[in-house]
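Read the single chain below, which is given as structure tokens and is the form predicted on its own.
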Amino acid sequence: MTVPSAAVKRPLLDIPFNDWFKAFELEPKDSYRVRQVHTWVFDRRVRTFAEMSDLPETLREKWEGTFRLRTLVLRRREVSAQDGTARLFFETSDKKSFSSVYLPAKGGEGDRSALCLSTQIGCAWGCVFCASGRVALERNLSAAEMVEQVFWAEEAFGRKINSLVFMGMGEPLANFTNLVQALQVIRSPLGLNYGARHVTVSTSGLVPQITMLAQTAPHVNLAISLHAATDETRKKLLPKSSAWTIKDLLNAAWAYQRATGRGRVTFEYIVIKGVNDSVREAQRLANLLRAKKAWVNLIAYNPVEGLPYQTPDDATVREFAKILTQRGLFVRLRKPQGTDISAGCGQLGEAVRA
């Protein structure tokens, strides 16, 4: 039989699970074949229909000519000599490149592996301190391309990844439809079957989409890139996301918390020397979040070549954390990871480097 080119094959993981039966053009008596495909794709991780040995050859040939199980190719990986963090470099079927970051378990109770997934190739949101913001947006990643990052990473490292965080290149909520489809695959017992507490979506603060996420997506943790305690400072750092005030953003965060029943909302705060690292800024941040179910991740700025921002000294960051803690906030000081391979927070710029 004639097999269509890869360009016209439909990625299977871009199709909602409820539509697989119709897409496969099965007779009602053969509906169990859908579950067989689920098992092969998610449990056995096959890459072609030809490998599905308990399916009739006619179906394997038909579906192999119609659908794609993998759309990405893992071209290479770089592993940090400092801490084992790895940056995975992918090529898409239309020859575009992007990367995601694997964060290994660090040892000690509660330390678990994680994958930092990308949602776009490039980013249009222009956060001034971020390497991704310097890469022009080429296109959104599809749901299949998001999920396949998990497949490839687990196969590359030979283990199940414990947590998934949508914090790589791109603004997840600006790719809303594909994000929700990916979350459905990730959360479904028929898919990757991750629990809600093991999946986190990060946003620079798209208020309307935060509301939509609570209403239409499987429940997951929410992380908000705040990085400032006043609208004035936030506008300098996140000029586009500052279309919404901090008050509006926090109201959306608490509404998401109530609607989904999730625990603490995480607020990411990159501490930048001389910009948002003052005692007064810490006091203001504490006042904003006091008495709320909130978790603050403090991250010392990771330098990006060509940008004027600097990393604060350890004493400044510790003092900032101390002020928040004394006012009753839950604070985590995140250690830099993968900075020697440009895999640290805010360093995912060009996917392919010389």
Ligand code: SAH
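All residue numbers refer to positions in the sequence shown, first residue = 1. Remember, it's a predicted structure, so these values are computed and weren't measured experimentally.
What comes next is about the form predicted in complex with S-adenosyl-L-homocysteine (SAH), which is not displayed.
A residue is said to contact a partner when one of its heavy atoms sits within 4.5 Å of a partner heavy atom; S225 meets this definition for S-adenosyl-L-homocysteine (SAH) in the model of the complex. Interface residue remark: G338 is not counted as part of the site for S-adenosyl-L-homocysteine (SAH) in the model of the complex, having no heavy atom within 4.5 Å.
When S-adenosyl-L-homocysteine (SAH) is considered in the model of the complex, S204 lines it closely, a heavy atom lying within 4.5 Å. Using a 4.5 Å cutoff between non-hydrogen atoms, E268 counts as a contact of S-adenosyl-L-homocysteine (SAH) in the model of the complex. Contact check at 4.5 Å (heavy atoms) against S-adenosyl-L-homocysteine (SAH) in the model of the complex: all three of F129, E171 and G346 pass. Think of it this way: in the model of the complex, S-adenosyl-L-homocysteine (SAH) has a heavy atom of just one of A286, M52, V296, V304 within 4.5 Å, and the residue is V304.
With the partner omitted here, the residue from L192, M167, V199, L115 that has a non-hydrogen atom within 4.5 angstroms of S-adenosyl-L-homocysteine (SAH) in the model of the complex is M167. Of the candidate stretches 243 to 251, 159 to 167, 145 to 153, 76 to 84, only 159 to 167 has residues whose heavy atoms lie within 4.5 Å of S-adenosyl-L-homocysteine (SAH) in the model of the complex.
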